[in-house]
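Encoded as structure tokens, the following chain is the form predicted alone, with no partner shown.
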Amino acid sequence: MSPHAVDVRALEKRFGARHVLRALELQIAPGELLGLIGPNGAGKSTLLRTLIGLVPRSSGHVHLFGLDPATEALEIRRRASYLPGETGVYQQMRGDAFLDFALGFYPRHDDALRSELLEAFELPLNQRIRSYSAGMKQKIALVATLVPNVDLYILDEPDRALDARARFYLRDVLRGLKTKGKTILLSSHHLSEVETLADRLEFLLAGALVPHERVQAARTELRRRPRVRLRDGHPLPEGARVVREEPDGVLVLQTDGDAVRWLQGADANAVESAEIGVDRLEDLYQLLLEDDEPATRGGVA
């Protein structure tokens, strides 16, 4: 019996000639909340679907609580709840009927959590789901996913289409599940929010996990890359070069030394606004892609 809730070794997935997952190694301990970060097309959704048994792997080994999704998918479904990245709800059903249907596949429910979620989300359960907004559809999908009392929650972009208030509330709900000893695998684009929540982050890029030291080096480098908007007619102060210009006119810079010291020494009349020390995922992805070092690595036990 594997000591891991999720144990992935040498996982490969190909769709014809397209190589989606490459020699992927990932272990998640029981009770751990792991954040999976990566740009669109990195393979995050394919990985999650492979874990739950919706997508067959090309090669490698995958086990959830010692169970193989290729042969024991039904038993895995009894112990795991999965929220897909594209919200799938039956449009013609009323909200209450949909929840009764979706939750009927699980023998155990957290009725207290169900009440809390429905009160917080204020869903019109007596209306057909086709009348719901995108955010409301995501909320009812979250209720259907989080209320089952299972061991593992696999959540693909759970904060999709949610407003800030709902995202912060969801974060508290996930903390509560973790306190109860539940294992959570969470895919998201909100780096700052996931980082405050997760026990560990894994970055997926081009189908492979990026070594932790590469990610840390890239984040350190980003601290030397302020985002600056110059006043009209003013040149870029010395000690920096333009890495990229955004469509809105913001310049991403590379400073010769510490970005804060560069800004302190820059002509105050030249700089209209500046942002330093904020990890933007698009910048981090770009920097990682610039690195030619192979991205695959072994898993963390």
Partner chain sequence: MRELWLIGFAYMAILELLAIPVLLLWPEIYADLQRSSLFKTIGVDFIKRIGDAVSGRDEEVAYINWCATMLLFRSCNLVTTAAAVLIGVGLFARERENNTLEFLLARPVSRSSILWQKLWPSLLVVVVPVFLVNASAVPWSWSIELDLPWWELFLGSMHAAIFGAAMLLMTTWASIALRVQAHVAAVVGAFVVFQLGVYMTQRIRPYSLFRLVDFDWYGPILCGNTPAWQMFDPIHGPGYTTYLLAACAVFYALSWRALRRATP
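Residue numbers count along the first chain shown, from 1. Computed from a predicted model, the values in this text were never measured in an experiment.
If you look for the form predicted in complex with its partner chain, you will not find it shown, but the lines that follow are about it.
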query	finding
Contact assignment for its partner chain in the predicted bound form, among Ala198, Ala102, Leu222, Leu162, heavy atom within 4.5 Å	Ala102
Listed residue (Leu67, Ile276, Val55, Ala240) with a non-hydrogen atom within 4.5 angstroms of its partner chain in the predicted bound form	Val55
Partner-proximal stretch of 167-175, 212-220, 75-83, 113-121 relative to its partner chain in the predicted bound form, 4.5 angstroms, heavy atom	75-83
Residue contact check: Leu230 to its partner chain in the predicted bound form, 4.5 Å heavy atom	no
Contact label in the predicted bound form: His63 to its partner chain, heavy atom within 4.5 Å	no
Interface membership of Leu155, its partner chain in the predicted bound form, 4.5 Å heavy atom rule	no
Residue contact check: Ala206 to its partner chain in the predicted bound form, 4.5 Å heavy atom	no
Contacts with its partner chain in the predicted bound form - residues in 116-137 whose heavy atoms fall within 4.5 Å	Arg128
